[in-house]
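Before any questions on binding or motion, here is one chain by itself as structure tokens, the form predicted on its own.
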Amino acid sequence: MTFVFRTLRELIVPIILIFFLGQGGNSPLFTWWGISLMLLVLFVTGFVNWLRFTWRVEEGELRIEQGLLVRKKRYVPRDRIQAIDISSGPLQRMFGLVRLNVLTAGGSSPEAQISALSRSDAQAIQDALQVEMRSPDSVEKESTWPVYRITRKRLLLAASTAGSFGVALSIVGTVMAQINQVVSEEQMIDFLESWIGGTSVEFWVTFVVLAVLAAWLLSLFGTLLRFSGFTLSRNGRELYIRRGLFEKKQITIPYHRIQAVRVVEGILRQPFGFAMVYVENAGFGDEGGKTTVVFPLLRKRELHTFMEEMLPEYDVQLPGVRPPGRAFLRYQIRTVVPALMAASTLAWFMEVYWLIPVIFMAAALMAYIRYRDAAAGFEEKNGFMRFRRLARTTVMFQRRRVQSLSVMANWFQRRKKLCSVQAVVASGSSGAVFRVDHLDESVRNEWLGWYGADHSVDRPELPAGTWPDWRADGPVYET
């Protein structure tokens, strides 16, 4: 049954695309016999997969064999196992079973997983491998650290102001663009005009409002499903997260894998003093070692206590610098010009020229806020960057976690004696990039010196772009 539901979840997008782009409800796939045949095939395949799935502990290894046509064998040595997590989704709870995930030191996702297992068998694996086995309940009972839980009121507020609204809007836009496969455009226009009346402009305004409302509802329910029952606990080495309404998902994040902490104040949350806290992790966490939410919604005045109790290494106050006054025009140009181009194109097609000054003022205000919020600084082993796209983001990181640090300046920046500072930390497959633009060029050597860069490129005897030959006789430059 876990195989059936997992397969259906993976096929939901292709099925929707086939429905809208194909023959719609006339396709044989969407008849009763078509649906029944598909479910029968999935159940038979799932049964065969279960029949061919075996596990055993032998010679200090967890050995799993599975597969029908292609037989796959996976051996996980005890020495490589970092931890064993157990959790339970709706199906597991229905049958009194658990899901077992084996986490290894170098893995970005569970090295091995057994989807349905009795608790006694899970305990037997733990005893045989002599590895600590953790469940959310045991972690919370044994831990002497505080446990953070999200209240229903906070959860509803987090869902109402979720930052996934843009993603939901793009999904709604894609669906509405294909809706004419089921309902013709004339029928849709006639329905809306008979419902609201008015001109074509009013029709398109109503259309946009309905799309935005549908996207907000989709984002609302998605956040509720994802963060319902959110609980954060810890011990001296790891953070433990439990969340999910239907599927109780457990996430383990070792402290030594945390690369940076992000505090994100959404454009709807900042006026009310709320923020979301993320961590960038290398190899562990949510979705294979990427950005992981460690708490969905906190008041800013609660951040210091939260960081002190859960992420003490990043609970620091650092000095920083803001862009100088001559950088203000750069922020205005980079924000206002693209907005005016998009507004002019939209106004020309829809003949709503009053939209141009409205978007111009909104873009100018956003540029000012971006200029005001930008900052960066460091002290000893810690650094921080603060910037804004739509949400204001504050990133705290340690020097030893930075994979690369760049200080760059284009031709326009050099004329104004400005530069941009960019830091990259390990997260996922490509890393997480943080950047603050249009700082005074005097910070260049300060940041490079803090990171430990070689300043010899500034010397005339060693032009930029070359590297000294360590085998040749001559002066030795300190790095």
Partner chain sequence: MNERNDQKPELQQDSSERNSRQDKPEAESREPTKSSRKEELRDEHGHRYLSPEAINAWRIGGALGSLIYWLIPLGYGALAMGGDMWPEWPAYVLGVIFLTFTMMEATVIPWIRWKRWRYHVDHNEIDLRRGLFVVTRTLIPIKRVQHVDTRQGPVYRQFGLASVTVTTAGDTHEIPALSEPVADELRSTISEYARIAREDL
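We call the rigid core the largest set of C-alpha positions that still match within 1.5 Å between the two forms. What you see is a predicted model; the values in this text were computed from it and never measured. Positions refer to the first chain, counted from 1.
Omitted here: the form predicted in complex with its partner chain. The next part is about that form.
Colleague: In the model of the complex, does each of Ala409, Phe412 and Ser430 have a heavy atom within 4.5 Å of its partner chain?
Modeller: Affirmative, all three are within 4.5 Å.
Colleague: Indicate whether its partner chain has at least one heavy atom within 4.5 Å of a heavy atom of Gln403 in the model of the complex.
Modeller: Contact with its partner chain, yes.
Colleague: Hey, in the model of the complex, is Arg444 touching its partner chain, heavy atoms inside 4.5 Å?
Modeller: Yes, contact at 4.5 Å.
Colleague: Look up in the model of the complex whether Phe53 has a non-hydrogen atom within 4.5 angstroms of its partner chain, and give yes or no.
Modeller: No, no contact at 4.5 Å.
Colleague: Can you check whether Gly67 is within 4.5 Å of its partner chain in the model of the complex, heavy atom basis?
Modeller: Because no heavy atom of Gly67 falls inside 4.5 Å of its partner chain in the model of the complex, the answer is no.
Colleague: Tell me which of 301-309, 394-402, 245-253, 95-103 has residues with heavy atoms within 4.5 angstroms of its partner chain in the model of the complex?
Modeller: Correct option: 394-402.
Colleague: In the model of the complex, which of the listed residues (Val48, Val57, Met38, Leu448) lies with a heavy atom within 4.5 Å of its partner chain?
Modeller: Going through each option in turn, the one that passes is Leu448.
Colleague: Using the arrangement in the model of the complex, list in sequence order the residues of 50-83 with any heavy atom within 4.5 angstroms of its partner chain.
Modeller: Contacts from 50-83: none.
Colleague: Phe349: with the rigid core matched between this form and the one not shown, does its Cα shift 2 Å or more?
Modeller: Moves: yes, 2 Å or greater.
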